[in-house]
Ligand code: UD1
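What follows is one chain in structure tokens, specifically the form predicted on its own.
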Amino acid sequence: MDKLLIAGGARLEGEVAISGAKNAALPILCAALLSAEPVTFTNVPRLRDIATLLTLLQQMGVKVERDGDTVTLDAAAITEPVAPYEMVKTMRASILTLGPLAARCGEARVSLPGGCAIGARPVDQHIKGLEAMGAAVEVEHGYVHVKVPRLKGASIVTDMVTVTGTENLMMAACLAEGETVIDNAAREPEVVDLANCLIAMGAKISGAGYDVIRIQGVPRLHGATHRIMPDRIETGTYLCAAAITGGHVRLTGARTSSLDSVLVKLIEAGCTLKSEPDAIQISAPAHLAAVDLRTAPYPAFPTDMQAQFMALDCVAQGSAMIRETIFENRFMHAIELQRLGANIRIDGNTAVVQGVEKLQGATVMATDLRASASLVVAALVAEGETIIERIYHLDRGYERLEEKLSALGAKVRRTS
């Protein structure tokens, strides 16, 4: 099993390119199931989750061609509308095939995702929405089985803001008969990117990016070409890496409009930011100021950046309070940060972080994707060498991480 070895103390400087967004690419690749014509996507990152999904789509009968960051999918013949447990257990986003398969094939059999390290991610809102659209849904033997001659438009009010639920129902509604209204919809930029892709394929969607989305169903969708948006979480992670090392970094291919809540906190910490049309620069002070934060659905502070900011607060001046409101078990990285010498106290969904003068290298274990990123950020300033185990989590969401960090001057290498 691969590990990362990081020697702390290097100040990050230079320029690095941001990859396409994993959380946008996964639903958008699933959208290809809605059309019998080839669909081409560019700026697709090379990640473990992307590879897993492409393998799953191939098993369903989709023809897959990849050339660099360009992927072409041809779903003219879907022979097996099934997402087996063996695939879904390694990547929860496989549930995003449920809506497109139900809409296009009139049938779908998708495994329930099962447990998740950071907390419960129920799919009940997906099922509730499909049932409102006329589908017969049965959950048996660990699978969601959907049957419907053709979905019908409906008014759906979700009980909670759910990104994958909004995406699944929006895709399903594209081929439904009549109008579907999704109320209490997720507003994330990745939802908007999916909507833009679907519109390019011929869908009629309005309101994406707001809490009410309207979809007028059409008989079929056609082929199209769509470029995946930049990864805002990767952007935020590299900004944190630069900030904690007192560095100066320019990130190209970044989109700052989707990062307002993160940028505000970096400015509070003492960093100077300069936004460009397709890039962002950060200059960090010698000593960061501790910043409080509270996670919440977009446009508030993203839960996927909470761990990275906890790492910053570990060495910042003062104390900070971090409240996690999205997932009930997303402080597991705090235990590993304590192994590096961090002063963190956990009380329920609140963490109090008291900045320390320095962290010290140690062997730590990644527990999930963003927890892994926080350990990398902290290791960049820890004295001595830090060994991060179970980095397959990082490979799920960060393209060429050690290569990009090395280009900025970090002392990092992968070993088996």
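Residue indices: 1-based, along the sequence shown. Since this is a predicted model, take the numbers as computed values, not measurements.
There is another form of the same protein, the form predicted together with the ligand; it is not shown, and what comes next is about it.
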One residue of A132, L112, V163, I344 in contact with the ligand, assessed in the predicted complex (non-hydrogen atom, 4.5 angstroms): V163
Partner-contacting position among Q306, Q125, T235, T245 - heavy atom within 4.5 Å of the ligand in the predicted complex: Q125
Site test, A93, E188 and I326 vs the ligand in the predicted complex, non-hydrogen atom cutoff 4.5 Å: yes
The ligand contact at R330 in the predicted complex, heavy atom, 4.5 Å: yes
In the predicted complex, A366 touching the ligand (heavy atom, 4.5 Å): no
Proximity of L26 to the ligand in the predicted complex, heavy atoms at 4.5 Å: yes
Stretch in contact, per heavy atom within 4.5 angstroms of the ligand in the predicted complex, of 144-152, 296-304, 173-181, 311-319: 296-304
